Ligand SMILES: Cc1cc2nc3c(=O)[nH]c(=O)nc-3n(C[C@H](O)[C@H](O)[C@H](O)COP(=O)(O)OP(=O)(O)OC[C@H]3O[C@@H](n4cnc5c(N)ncnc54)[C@H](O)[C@@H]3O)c2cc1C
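In structure tokens, one chain follows: the form predicted on its own.
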């Protein structure tokens, strides 16, 4: 096969073969026959987490989206993109609890890496999973549901457990959301009123280039059945925007979901970007670090202290919140979490050199990097930050005794 690139073009997969099975039996045979294999999803990872000697894509399998209204669940194929799933659910009057900023990502890839949206009371996307079906390295099929002893270790599986080809997610009735954007929130206001800022809407995102103020603050508010409150003229001194914004000021807002307080369905407001548009330039390298909410102000202050080192490499940063969960390898395991995302310019060498300095600035805050984005930390640094990592490694070794899913990434960052 010719070398495949990820979405951003910063990583070329080293795999020599890409399988596209059309049936579950074909998938089982492919996995059982491969010495080393990994699932290739929507290619929105920025590191080698989705790489191996051989790759398997699930996009030729029937997505078979099945809604169970009595159980209030939906079951779909792992390669299903969130945007496609959301449109199907909204047409049926149903909804998910949360969405990531991009609706273009696959369900299995997103949950396997603990990908998230934002919201003080909202868990990451994996917390909606109530059942998974996967193919193990022996070609066997395993199904587990929430409550099973291994379930919390298998959902955010990092590709180490097996090929997740089908998932079941919790649903709720459809709801409406409005999105407002505010300009130039003062840093000291954020530091003094951090919890008030992040509780001011269902979902809150701060976009900043680490300058004198926070560039824009995006509020996504769920509209209750008894009506909506008047639009705010300001947010703690930050004035309401009078035009739509892209997170990156140099780009047009036409690819973004509607702002300016226009009410719309959850599927068209919770993501930052529209499903039918190119979400960003694509020419970027992403990193993201998660820490306990109690450290948020101190960690943000630490980053401002090295702003002069960040800004030459930066396109934009985003700050979000995620509720705690019980999934062993989730970046929000056991703690309400604040996430700081970096979209860097596509200079691989410069970003790679800078990551250790960036992580050193955050070292005292027990940070967990996003599994699907670039980071420098190795298994030695990460092991103390995941209380259930020994259980996870034991689970992976039990389900994959021949090590078919043990990739360079996993050896470097998990198994050590």
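Numbering follows the first chain given and starts at 1. Quick caveat, the model's predicted, so the values are computed rather than measured.
Same protein, other form: the form predicted in complex with the ligand, not shown, and the subject of what follows.
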Contact segment among 66 to 74, 346 to 354, 387 to 395, 370 to 378, judged by heavy atoms lying within 4.5 Å of the ligand in the predicted complex: 370 to 378
158, 315, 89, 299 - the one with a heavy atom within 4.5 Å of the ligand in the predicted complex: 158
The unique member of 105, 126, 132, 329 whose heavy atoms fall within 4.5 Å of the ligand in the predicted complex: 105
The ligand contact at residue 58 in the predicted complex, heavy atom, 4.5 Å: yes
Distance check, residue 320 to the ligand in the predicted complex, heavy atom within 4.5 Å: yes
The ligand contact at residue 153 in the predicted complex, heavy atom, 4.5 Å: no
Heavy atom of residue 31 within 4.5 Å of the ligand in the predicted complex: no
Residues within stretch 19 to 47 having a non-hydrogen atom within 4.5 Å of the ligand in the predicted complex: 38, 39, 40, 41, 42, 43, 44, 45, 46
